[in-house]
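In the structure tokens that follow, a single protein chain appears in two forms: structure 1, then structure 2.
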Structure 1
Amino acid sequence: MSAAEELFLENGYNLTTTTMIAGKAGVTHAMLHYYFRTKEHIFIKVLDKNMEELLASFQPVMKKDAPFWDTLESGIATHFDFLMKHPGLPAFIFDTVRFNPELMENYRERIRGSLEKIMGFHYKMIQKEMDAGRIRRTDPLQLMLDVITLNLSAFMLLPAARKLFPDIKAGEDRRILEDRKKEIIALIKSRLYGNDMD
């Protein structure tokens, strides 16, 4: 699984072969085929592993009695920290959606329930705060999409930034990303608690 994930993230789905995966894992192609049958099955298992890790990381965040902003800030940071552990995952998923959309369409049903649970929890929490007049009025779906796209963009753009600005040292990535996480949290807080609350 580790070999497959590494190769998928490095080469993309189309350019990764089961022969490459078997070679990197140090097993025969026949053994790989016996356990996984197809490259698509390996792909699903790799996504399952990452999705299970992401969902498990959100369990402590979704405490019903925690204060609203603490919960939201923790959710933003949890998602960002997951991406820091898997920085190549956003680009890999984007490429897969672009070049192999059928794979993601087939996978969507496997995770729909879990994602709806997370989105539903945050949607209700945001709506409750708006109804109480404690935050500015906003579309909860748009707010969640803002958080997701702001977090993802950091990991999609950093590799391009390294090529455009070669002065960025590889060791600086973590500091840049930690600063970006703080900035995203500050942006979302400002949007919700600005002085011109409706």
Structure 2
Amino acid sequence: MSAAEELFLENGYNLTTTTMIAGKAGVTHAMLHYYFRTKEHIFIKVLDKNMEELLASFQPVMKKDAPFWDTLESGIATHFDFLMKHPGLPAFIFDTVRFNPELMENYRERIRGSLEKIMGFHYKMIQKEMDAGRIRRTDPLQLMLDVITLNLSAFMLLPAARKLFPDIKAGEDRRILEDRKKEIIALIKSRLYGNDMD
């Protein structure tokens, strides 16, 4: 299973073969089919595990008592830190949605639910702050997209950059990502609290 997870996360469903998995696990590929029946079954197991973690990561963001910015900042940081523990997840999900969306169908409604829940919370929170005039007037959806795309792309594009330029940035991922996290938080903060120059 761990061999399968590594390979599926790196190569996605279509480019991973049962023979590769078997090879990495040190068994014959007939074994895999004996225990898991089909490649899809193995994939679903890997996907399940990762989707559970992903969906779980949507929860702990919302603590209603804390001040607005603290809540939002910790939300961003939590999301970013989660990705740091699962750096291959964004590209993996992206790949699966892109090339095997049928395998994601089981999660569609749950994802929609989670998104609606978190967006509802986010909307209310932002609206209240805007009404009180404490933050700049902004479309909450765009703000959410800002956070999500900034966070995700940090993890999707950094490995791609290194594949192209292996010389730079070898091993100092940790620091790069920490810098990136700070920048993203600063960016969102200035979006909400900066002067309106228009």
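Sequence positions of structure 1, starting at 1, serve as the residue numbers. For the two forms, the rigid core is made up of the largest set of C-alpha atoms that agree within 1.5 Å on superposition. Bear in mind that the values here come from a model prediction, so they are computed numbers and not experimental data.
Between structures 1 and 2, only structure 2 derives from the form predicted together with another copy of the chain. A displacement of less than 2 angstroms separates the C-alpha positions of residue 152 between structures 1 and 2, with the rigid core held in common. After superposing the rigid core, the Cα of residue 91 is displaced by less than 2 Å between structures 1 and 2. Taking 2 Å as the criterion, residue 134 does not count as shifted between structures 1 and 2: its C-alpha moves by less than this amount when the rigid core is aligned.
The rigid core superposition between structures 1 and 2 gives a CA shift for residue 34 of 9.5 Å. The rigid core superposition between structures 1 and 2 gives a CA shift for residue 47 of 4.5 Å.
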